[in-house]
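Just one chain is shown here, as structure tokens, and it is the form predicted alone.
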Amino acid sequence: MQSVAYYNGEMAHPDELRVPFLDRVCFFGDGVYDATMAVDGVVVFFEDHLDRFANSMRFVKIEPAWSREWLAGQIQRVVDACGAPSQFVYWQVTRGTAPRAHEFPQVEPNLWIYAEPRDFADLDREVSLVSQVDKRFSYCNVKTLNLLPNVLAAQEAVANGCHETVFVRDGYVTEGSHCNIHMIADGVFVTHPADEHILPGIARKHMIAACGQLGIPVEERLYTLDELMAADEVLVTSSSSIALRACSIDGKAVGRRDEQAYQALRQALSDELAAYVNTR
């Protein structure tokens, strides 16, 4: 069991695989990606991630000749080659390989896939967050490869001894550098609207569905950092950490006041994930 990399059909260990210098990812970050986990060879919520990947490609006008079914098969090849019982699975498409110029070249897109052994985040762990001004552009709903602002924000969180960032734009909480942020306040699950300022997270989608099953009201609306600080629960979701609980923001204790709702949502997502894997 080891990490496996793929570039346009060639597979090797990441240290061994070589890619063209003129791939547009090197100069422009010109491409989109998606990522999730795989358990026992099953790519978790695969259909949702393929849908989002297709939407990202459509938004940036990348039109590969391959089909969705072919793509899924190539990703599965890499997962199978890795062989670990729990894996991080990543794939991206770049606009192609061509001499550096801003305009779209008339070339075929390049497909990258990567899988590495990795466990899910420990859901018993409570995490600290730090707030930062959201300086990113308004393409956050697209999983582009232009991630420098997210990288800087994630590093700032680490420098402050925190797990993740809480981005704040024009006074309102948007999301984290690589996750979605939500709150439970007075029995209501509150999350930022799925607009151009946040990524439509797959774990977010399934948590909203779980709220419906559990009878927890959902509000997709703008909310302030002060509201988040005063919330009964602060939740962090992503494909590798499906329901983390935050215990502090900017060094101040937050949440941890609606144990029943938190545990119910955490269990619902864990059960759904297990059922997805067991039925594939």
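Keep in mind that what you see is a predicted model, and the values were worked out from it rather than measured. Note that residue numbering begins at 1 and tracks the sequence as displayed.
One more form of this protein, predicted in complex with pyridoxal-5'-phosphate, exists but is not displayed; see below.
Taking the partner from elsewhere, residue 239 is found to have a heavy atom lying within 4.5 Å of pyridoxal-5'-phosphate in the predicted complex. Though the partner is left out of this view, residue 180 does reach within 4.5 Å of pyridoxal-5'-phosphate in the predicted complex, counting heavy atoms only.
Contact check for residue 150: a heavy atom falls within 4.5 Å of pyridoxal-5'-phosphate in the predicted complex.
Residue 201 belongs to the set of residues with a heavy atom inside 4.5 Å of pyridoxal-5'-phosphate in the predicted complex.
Residues with any non-hydrogen atom within 4.5 angstroms of pyridoxal-5'-phosphate in the predicted complex fall in just one of 125-133, 142-150, 68-76, 108-116: 142-150. Checking 223, 46, 33, 28 against pyridoxal-5'-phosphate in the predicted complex, a heavy atom within 4.5 Å turns up for just one residue: 33.
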